[in-house]
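Take a look at this single chain in structure tokens; it is the form predicted alone.
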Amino acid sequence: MAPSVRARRPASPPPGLPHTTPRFPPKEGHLDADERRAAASLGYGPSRRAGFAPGGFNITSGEWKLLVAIVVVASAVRLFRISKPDSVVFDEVHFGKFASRYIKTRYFVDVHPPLAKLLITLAAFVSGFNGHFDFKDIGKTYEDVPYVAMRMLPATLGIATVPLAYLTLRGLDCRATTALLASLLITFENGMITQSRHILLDSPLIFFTALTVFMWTGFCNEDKHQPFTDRWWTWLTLTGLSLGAVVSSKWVGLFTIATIGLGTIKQLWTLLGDMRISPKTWIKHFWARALCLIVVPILFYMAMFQIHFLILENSGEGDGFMSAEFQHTLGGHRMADTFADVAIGSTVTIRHVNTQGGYLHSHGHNYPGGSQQQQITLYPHQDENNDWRIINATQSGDPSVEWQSLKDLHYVTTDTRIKLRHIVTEKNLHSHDYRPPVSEVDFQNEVSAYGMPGFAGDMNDDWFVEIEQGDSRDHESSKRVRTLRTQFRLRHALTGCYLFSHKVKLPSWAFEQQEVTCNKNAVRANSLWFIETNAHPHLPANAPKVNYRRPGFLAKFWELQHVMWTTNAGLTDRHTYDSRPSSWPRLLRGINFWVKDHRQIYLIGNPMVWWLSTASVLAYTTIRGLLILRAQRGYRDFENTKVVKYDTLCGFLFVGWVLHYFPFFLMGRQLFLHHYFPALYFAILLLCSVFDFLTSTLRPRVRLQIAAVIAILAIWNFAIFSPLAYGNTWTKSKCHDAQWLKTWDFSW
């Protein structure tokens, strides 16, 4: 067409007739302004490509090549000299030992769920570890231990976290430059590097946290695109499995569940206000999420404990934490059926109900102070020093002998006055007005073993039986003492105090066994006892016998959860390198992992990454507050598509940081810097999201240059502190130069 000729458009139809075709046909996938605003209010980001990739992850072939390169770099950083040091580092003392217990099938108790420990054990087992190394002390040299293979498990998961961060930000509609920056910041984060190079649980925890966020991002994108498709169900189910994995590694995973839970509530609330969604469809959305995000994680979590119980089938060092019923499900702890009826003359073992079921025990050692009579303790293992004979305290003559002349059985009932004769040492259970060796308070009396062969004893040996409760399935157990079925108290005849024990250990002169006292103000739960085994020469062989009722999986599961909770809450002792949550975002202090020959492994983060991520949290908080104030004054910022997109993105990551950080302020237990790592992951993603927003108006080359400067500074920080991550040698001057803060207490 000649430049001077103007083309005429087709004539308009006469008034009153409709247009047969639109004047400006919309492009495929085009949304008008109102539709774009509605999409933005739901968190939709502008699509940059036609079509819809699985999970909304539109990754180009060039990006996949870039990801491979990043993974290679991350592998080099995390696997460099992973065999050094060749000795036990920090909490490898615990988690290496747990792997040994798994392989030897010996029961133990830990405050963390089993998944991460099972993965480490799997790596050890496949590599031929026989479980004989004890991991007893930090610095102990490894011998016949595939410790490199065991360290490779957390290191591999640490490497895998890097591409997950990249893909997550791409799924959240951030630019490739932003995702690249995030992956580099995590690659060169000194704290995460140090933690992932040893047999520790935090690297699996961070990986499963990152995996959960990645899966949730994919599900959200599928949900915005088209719900209830096969891919939609796949991403939702994988999110549930990831939630199960993260909470099965550490209970900190509950904070990840809370993060996804709030996101789910927001989704359901938005759908409820969408008049295009029918109530039936909304209910379908609700039950789909309840099934995949509640039921699936619970089943996964319980399955890990079922595997835990199946492997740890034999008695071990953790028996003492569990109830007597639980203990008797373990190999080496099972006992033969025992007589049910308890009578005068019965030889019995007596167990405490409340404090992990230790046995009333005595041995041929005296208290160094007080009455200096024979010690009475609570001992958690079966032993002949746990055997006592019940004798009648009201019988004339020598009751320890006269009971044999009784023709009929005299059952033990409420208010029966008895003495307890220690079989091995022939002394009676005794109490008097002496203070106990540890609990030296006026309402506590010492309990000892007193007497000698042929000595009938005195009134300080006398105790009244008070039946507290019986078994609902054994009616006789409420009327008289029955083995395993009756819980009772023992009241001292002269002072009125009750035989009592609590979680207080005696010093080394009593072999650190548990203290037993006579308490005038006894807490009921700590003054309850029951008889575990019972023998009597006058009982016929066909007399009724009883045994422990074996608990099923659910009973064992709930008991272990309670033990884990109470044990975790009891970790209140101070540690040389513990810290409080207020210091974590500022990186005020690290943790000494290992020291030898002027080489040190010291957990310290990359200052550039930590301080910038903390600044991004403060920046988002400030900007969000200003937007709220502007909205109150009538400004319509939240009708801007860009503002809504970044507010939704940054808000999700900010909530994740808050929920993984602030709950630690409520904890009175021992805390360390590594507890901040899941929150740090969210803070790094938030930092890169803020970067994406601030550079959104810049040309790609300028954005890439700014990202390169930040990455180079992070790598420079990494290089300065890398000797502390790898345990390399460095000079005294470099050590002092690296102490940017006075509170960083590493040394040369």
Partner chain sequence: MITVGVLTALAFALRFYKINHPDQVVFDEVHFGKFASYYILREYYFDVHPPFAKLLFGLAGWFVGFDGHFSFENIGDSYTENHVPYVGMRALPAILGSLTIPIVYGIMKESGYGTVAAAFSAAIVLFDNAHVAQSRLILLDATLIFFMSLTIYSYVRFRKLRYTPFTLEWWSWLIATGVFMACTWGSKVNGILTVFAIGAAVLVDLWDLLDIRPVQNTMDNFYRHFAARAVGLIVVPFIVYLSFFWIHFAILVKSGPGDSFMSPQFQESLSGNEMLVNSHEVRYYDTVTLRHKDTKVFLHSHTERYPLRYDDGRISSQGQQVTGYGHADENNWWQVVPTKALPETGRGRIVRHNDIIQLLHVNTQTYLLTHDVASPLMPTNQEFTTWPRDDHSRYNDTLFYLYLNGAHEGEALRTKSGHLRLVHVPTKVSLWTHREQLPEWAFKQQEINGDKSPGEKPATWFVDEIIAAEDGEDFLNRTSAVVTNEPKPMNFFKKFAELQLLMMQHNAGLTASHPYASNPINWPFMLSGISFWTENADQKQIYFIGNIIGWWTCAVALSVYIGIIGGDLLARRRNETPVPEPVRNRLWNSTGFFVLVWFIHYFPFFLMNRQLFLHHYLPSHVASALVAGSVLQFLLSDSVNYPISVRGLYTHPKPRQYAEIGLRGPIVVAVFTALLFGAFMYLAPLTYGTPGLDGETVNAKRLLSSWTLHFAAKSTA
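Residue numbers count along the first chain shown, from 1. We call the rigid core the largest set of C-alpha positions that still match within 1.5 Å between the two forms. Predicted, not measured: the structure shown is a model, and the values here were computed from it.
Below: the form predicted together with the partner chain, not depicted.
Residue heavy atoms within 4.5 Å of the partner chain in the model of the complex occur in exactly one stretch of 363 to 371, 137 to 145, 263 to 271, 232 to 240, and that stretch is 263 to 271.
This chain is displayed alone, yet in the model of the complex one of 275, 283, 554, 310 has a heavy atom within 4.5 Å of the partner chain; that residue is 275. Checked against the partner chain in the model of the complex, the residues 629, 126, 452, 541 give one hit for a heavy atom within 4.5 Å, which is 629. In the model of the complex, the partner chain sits within 4.5 Å of a heavy atom belonging to residue 634.
In the model of the complex, the partner chain sits within 4.5 Å of a heavy atom of residue 279. In the model of the complex, the partner chain sits within 4.5 Å of a heavy atom belonging to residue 576.
With the core held fixed between this form and the one not shown, residue 415 has its Cα displaced by at least 2 Å. After superposing the rigid core, the Cα of residue 651 is displaced by less than 2 Å between this form and the one not shown. Superposition on the rigid core between this form and the one not shown places the CA atom of residue 437 2 Å or more away from its counterpart.
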